[in-house]
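Coming up are structure 1 and structure 2: the same protein chain in two forms, each one given alone as structure tokens.
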Structure 1
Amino acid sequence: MSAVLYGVLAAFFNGLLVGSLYGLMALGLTLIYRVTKIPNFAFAEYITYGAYAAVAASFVIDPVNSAALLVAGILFATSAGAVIALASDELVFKPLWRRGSEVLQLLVASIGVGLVLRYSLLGAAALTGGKYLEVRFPVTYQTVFSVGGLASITTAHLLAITSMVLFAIVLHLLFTRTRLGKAMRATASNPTLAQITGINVILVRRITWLMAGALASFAGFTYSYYNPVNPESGWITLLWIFSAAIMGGFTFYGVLLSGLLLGIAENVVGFLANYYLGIGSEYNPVIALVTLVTVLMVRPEGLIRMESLVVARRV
């Protein structure tokens, strides 16, 4: 097998992993947007805090016990993300929503929340003398399958891909097959009418933010298992997260597909551009933007229409 084919295969495998991370990250953002209509830029920081919280688990669990540390890392991450996301809504977004703020105002507010969270983490890392400026989950991933020693499938692939698919299925079933999902859809459509019909809109919001924060932080844990993270890691991935959500039409299965498409396109096209044209990886964000624009030109509603996944049935 030629070097180019090995390189393309390695890029494809890496694209599967990166794309699964994009899709996993975008699921929580999609959940928030579906219910509250907030394009939440602070979502990136929930991911970062989840990664740091997962690493913090190694302070209380012996790193030698990998299985226990993995479980503790997930619990630490999801708990931290859920609390931070809920606090964001209770302290900022919900008061603005009650005052009748429009989507643009909520978007700007989310940027402010994100800046506060990011620079709080940067400040805390600086107080340690930079020791925790860059962290990585202490359990390293293992190779499961390899082609020529260059292209590999690892336990990080299995974790990211399995988690993304599982969460997408669970969220879709939640929205289309449960009373809570019906309440979420009603709240998203018309909060006032939903409240009049007896739905506890505030409780629905709280559950939504808790779930979305936990999803974001689980993605942060998964990212820290694969790659070192720093206080700006979530912010750096925000372009791909929003691209995956928009391309997927803010549907859970659509986000899954668009995340994979972005990850594979970015890595395979990036490798070929570097190999044949000498273009560096710093231009890879252009690939994501071109992919996004191309998909939206062909299907402005995204890969999957939101309406096509809403099942009209009594729950």
Structure 2
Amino acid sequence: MSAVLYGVLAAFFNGLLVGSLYGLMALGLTLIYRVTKIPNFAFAEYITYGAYAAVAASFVIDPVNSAALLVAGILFATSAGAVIALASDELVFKPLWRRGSEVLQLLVASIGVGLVLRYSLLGAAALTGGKYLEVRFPVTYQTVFSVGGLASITTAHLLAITSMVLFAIVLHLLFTRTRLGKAMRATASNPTLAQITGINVILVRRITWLMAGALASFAGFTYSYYNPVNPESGWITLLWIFSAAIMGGFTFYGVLLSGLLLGIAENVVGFLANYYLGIGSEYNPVIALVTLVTVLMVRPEGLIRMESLVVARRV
């Protein structure tokens, strides 16, 4: 096999993994945005905290039993993320929303929440002697099959892809088939009318945050399963997550596809640019960001929309 093809394949496999993570992470962000209209910058931190909580599970569970550890990791991560997400809404976003704050104020508030969470974790890691400035989930992934030893599919791929697809389907079904999901959409679409029809808007909001937080931290767990994690890991990925969410037009299937596409494009295009033009892979992130800015400028309603969301209304 020629070197180019080989390299492209390796980049593609890697992109598949990274892209699934983007998609997985963007699902929770989308959930929050669709129900509460908050562009939540603190979402990155729910991911990071999830990863750290998963690692914390290994202090409790005997690391020899890897299956039990995986389960404990997931449980620790999701419960931590759900609690933190809910707390950030109850303490910050809900009071602001009640007062009728504009979107931009909510955005700034979420940046504040993000700073507090991120740097508290960094501070705590530093306080404990810097040992936790980088952590890794003790159970590592295994190669499932490999082409020539470099381009390989691993259990991390399987976990990321399956969970992303699964959660996207679950969320889509939740929103289209269930009473709760429809109540969530109704709340977002017309809160006053939702209240009149007897929907408990506050409860719906709480459930949304719990779910989104759990999703974020599950993604964080998945991240820590294949990569070392530091307190800034979530934050560094945040703009990519936003890219995926915006490209997908904040629809669950759209976000899934955009995430995959971003991850694959970033890696494959990056590889080709390196191979033929000598541009280093350190420019890869630029691809995602330029895509984001382009999409926002040209089609702010998203590139890949898998549902019609906002319709032309009378002005």
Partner chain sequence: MVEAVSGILVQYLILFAAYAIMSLSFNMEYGFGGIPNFGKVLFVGLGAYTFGALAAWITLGIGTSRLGLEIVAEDEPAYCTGTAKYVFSQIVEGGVMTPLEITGITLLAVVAAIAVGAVGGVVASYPAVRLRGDFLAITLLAMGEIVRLIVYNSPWPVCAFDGLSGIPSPFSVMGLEHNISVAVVSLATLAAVYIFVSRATNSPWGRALKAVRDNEIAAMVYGYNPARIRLQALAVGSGLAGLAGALLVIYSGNVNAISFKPDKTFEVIAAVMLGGSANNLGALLGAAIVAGLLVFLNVSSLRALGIDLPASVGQALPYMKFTIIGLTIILVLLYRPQGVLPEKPLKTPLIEWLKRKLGRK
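Heads up, when I say rigid core I mean the largest set of C-alphas that superpose within 1.5 Å between the two forms. Treat the numbers as computed from the prediction; the structure is a model and nothing was measured. All residue numbers here refer to structure 1's sequence, counted from 1.
Engineer: Compare the two displayed forms of this chain and pick out the form predicted on its own.
Structural biologist: Comparing the pair, one sees that structure 1 is the form predicted on its own and the remaining one is not.
Engineer: Superpose on the rigid core, then tell me if the C-alpha of residue 290 is displaced by 2 angstroms or more between structures 1 and 2.
Structural biologist: Yes, the C-alpha position differs by at least 2 Å between structures 1 and 2.
Engineer: In Å, how large is the C-alpha displacement of residue 299 between structures 1 and 2 after the rigid core is aligned?
Structural biologist: Residue shift at the C-alpha: 5.3 Å.
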